[in-house]
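One chain comes next, on its own, written out as structure tokens in the form predicted on its own.
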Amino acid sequence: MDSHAQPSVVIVGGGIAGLSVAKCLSDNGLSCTLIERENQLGGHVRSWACMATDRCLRCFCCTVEDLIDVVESSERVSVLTGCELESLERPGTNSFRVQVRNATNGDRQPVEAAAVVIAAGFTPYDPSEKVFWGYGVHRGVVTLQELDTLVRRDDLAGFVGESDEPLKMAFFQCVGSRDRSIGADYCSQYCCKAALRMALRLRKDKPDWEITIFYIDLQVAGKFAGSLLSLAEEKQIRLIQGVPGEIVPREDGTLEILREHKGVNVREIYDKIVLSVGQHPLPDVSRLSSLAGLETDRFGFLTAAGTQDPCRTRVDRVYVAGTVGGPKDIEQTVEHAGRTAAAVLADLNGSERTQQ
């Protein structure tokens, strides 16, 4: 098939969802323009570490580097980093006129497209909103993403400090998720598995550390996810139902929490506490929805046409991919992006056949 005769697709977002869509479409002969607001591709996953221990734990973090290499080397993909979608017009039934703005110098560039995919991702919840956990105040409280970045840089010293003593640490799950008080009464999908993988990775490198995971309920459905739970139990990682409330700093730099055990309040002391923060809609999602003529759900994520069609939207030839349409882990995001690319290919190829 002559690639020059193929329609072009604009993809908004250069994280793992946008990269996956671009790869799939370009592999099937379509030209793409990938628009990314940051100055590099990869999104959140680019800063996350591989969680492999003596085996692959299927975190899928390694896939982002491969996708970046493929997309950046593809002749069919034009990459515009440091840019954002400024306007979206529809001069014809089967065409879009997209205006792209350079965030640094304000230059504008028009792009013609036959379809638009919104893959703009999510924003992590800011745990400093919950003052009783002391994020940003207590030195020993970090987010799971911050710890992930340190592991990727092989910089656990930045987490441990100067002490050689075995560390006692805890994960708090559902921080910014499953919380009606902030309008986030949903599961962020990735946190439980991500915390289990991180605990197993740390156990491999630091077998003398004492690791506890406090949870509301562990979302580990599926054969492999269940094996993570079995591995955690085998490696003697404590799993305690119920997320404690206030974190209180002590004079020696440790952190004290209060939890309920068999109807009695029990105090426990930790060196470090890791907050597994949830996924929230982008602050920019309302602007994107307005530009594309889309709707958002009650939580603020972009909505698709329906539960049976989670990739197309109610606007013809506008699609969603990945976490911009709701919380997902990396594997679910890649799978969703693949389904979005398949929908684009089916619709555009069907249109071509009609025109012929």
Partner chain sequence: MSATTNPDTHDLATVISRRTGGEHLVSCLTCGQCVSRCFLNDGYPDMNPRTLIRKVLMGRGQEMVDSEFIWACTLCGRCTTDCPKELQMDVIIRDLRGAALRQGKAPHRIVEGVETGLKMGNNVGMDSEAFLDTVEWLAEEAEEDVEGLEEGDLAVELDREGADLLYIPNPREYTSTPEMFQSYLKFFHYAKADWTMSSKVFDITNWAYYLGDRESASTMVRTMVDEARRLKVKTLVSTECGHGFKILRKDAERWLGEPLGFEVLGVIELADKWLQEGRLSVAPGALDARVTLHDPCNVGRKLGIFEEPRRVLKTIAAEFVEMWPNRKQSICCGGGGSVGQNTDMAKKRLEHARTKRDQILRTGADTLATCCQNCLSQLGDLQSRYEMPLEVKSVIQMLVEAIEA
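Numbering follows the first chain given and starts at 1. The structure presented is a predicted model; accordingly, all values stated were derived computationally and were not measured.
Below, we refer to the form predicted together with the partner chain, which is not included among the displayed structures.
Proximity to the partner chain in the predicted complex, defined as a heavy atom within 4.5 Å, holds among 168, 130, 76, 203 only for 130. Residue-level contacts in the predicted complex: of 146, 268, 179, 84, one residue has a heavy atom within 4.5 Å of the partner chain, and it is 179.
Judged against the partner chain in the predicted complex with a 4.5 angstroms heavy atom cut-off, the residues 284, 305 and 347 are out of contact without exception.
Comment: 241-249 is the region of 273-281, 68-76, 107-115, 241-249 lying near the partner chain in the predicted complex, near meaning a non-hydrogen atom within 4.5 Å. Although the partner is absent here, residue 263 is a contact residue: one of its heavy atoms lies within 4.5 angstroms of the partner chain in the predicted complex. Residue contact check for residue 103: none of its heavy atoms lie within 4.5 Å of the partner chain in the predicted complex. The partner chain is not shown here, but in the predicted complex it comes within 4.5 Å of a heavy atom of residue 185. Heavy atoms of residue 156 never reach within 4.5 Å of the partner chain in the predicted complex, leaving it off the interface.
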